[in-house]
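Starting off, we have a lone chain in the form predicted alone, written out as structure tokens.
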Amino acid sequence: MLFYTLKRFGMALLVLVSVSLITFTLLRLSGDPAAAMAGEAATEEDIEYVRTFYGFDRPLPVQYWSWATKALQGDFGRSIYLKQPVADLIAAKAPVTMTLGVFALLFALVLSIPLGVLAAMHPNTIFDRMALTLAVVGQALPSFFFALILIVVFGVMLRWLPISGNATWLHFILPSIVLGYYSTPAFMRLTRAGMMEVLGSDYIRTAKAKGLKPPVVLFKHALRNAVIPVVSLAAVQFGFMLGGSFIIEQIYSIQGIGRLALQSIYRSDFEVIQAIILTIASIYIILTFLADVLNAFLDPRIRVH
């Protein structure tokens, strides 16, 4: 188990370094950051001053090494537009986005796992077809359009829930449903497939033959093994939710990392953009690493790979 954990940890570090290098390089190659930071009315002398002041005239590997070593210490530079430390901006916005992601993930799991279990227990019935229909609709319906539907219905017509801001937990309900519903089909199909495979296995038949009660067979023996792939998928989907929250935060005026990222793109605030990308990637990689370790703990057969 220790060797497997160290191996996965090394791979996670390698992926993180690769992401940081690719992000840094692509942002520098997307245009002249000095010209973008200096503004449209800047002269050549102004642009050259900015290029020298921020070190953009140095070789690209030197720039990356300087930025990476500071980033490891928690120093992502200062925002060009807001004139504040980037680390402070992200620290202020990250809890909002993380809260939205957690609520969305909980909504997806609470909705999809029972549906997947129900569909597996009653294949080719009305329950199975309803679950599959929900999965198809969830993948076909664009998130931004679904968000607008919820705003009109529950915010404008019924006036049950707030439609903008993040002042209270009520403000997270509609955006969490939008983010979570998009991930529900993947969880539901995986749970259904896993349950159908497990319910037909020999040890489940043995458990039933021993006279164990159906709830014990279902939840203690079948569901525990069937949800192992769901653990890995949950980590991946949570990363997708954090990335997908960019548009949702804009629609619902939520002051999180996603909204900050879009504003920084409009302002050509390179320091903030690359710090946000690295932060989201780090969270995604850490969650994937933890999911791999948890799966190895639940299923010892994984450790041999």
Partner chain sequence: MSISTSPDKLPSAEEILEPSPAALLRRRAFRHYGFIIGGSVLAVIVLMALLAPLIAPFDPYDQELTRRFIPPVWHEKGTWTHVFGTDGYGRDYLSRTIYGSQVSLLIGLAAMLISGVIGTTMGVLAGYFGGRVDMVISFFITNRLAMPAILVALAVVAIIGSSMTVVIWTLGLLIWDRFAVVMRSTTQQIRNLDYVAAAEAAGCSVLRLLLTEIMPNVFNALIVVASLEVAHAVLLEAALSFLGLGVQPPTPSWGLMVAEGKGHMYFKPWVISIPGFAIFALVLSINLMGDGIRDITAPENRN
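Numbering follows the first chain given and starts at 1. Bear in mind that the values here come from a model prediction, so they are computed numbers and not experimental data.
Beyond what is shown, the protein has a form predicted together with the partner chain; the following relates to that form.
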{"query": "Selected contact from 67, 246, 238, 56, since only one has a non-hydrogen atom within 4.5 angstroms of the partner chain in the predicted bound form", "finding": "246"}
{"query": "Close approach of residue 60 to the partner chain in the predicted bound form, 4.5 Å, heavy atom", "finding": "no"}
{"query": "Residue contact check: residue 294 to the partner chain in the predicted bound form, 4.5 Å heavy atom", "finding": "no"}
{"query": "Heavy atom of residue 163 within 4.5 Å of the partner chain in the predicted bound form", "finding": "yes"}
{"query": "is_contact(residue 287, the partner chain) in the predicted bound form, heavy atom dist at most 4.5 Å", "finding": "no"}
{"query": "Partner-proximal stretch of 172 to 180, 113 to 121, 145 to 153, 95 to 103 relative to the partner chain in the predicted bound form, 4.5 angstroms, heavy atom", "finding": "145 to 153"}
{"query": "Residues from 5 to 26 in contact with the partner chain (non-hydrogen atom within 4.5 Å) in the predicted bound form", "finding": "11, 14, 15, 18, 19, 22, 23, 26"}
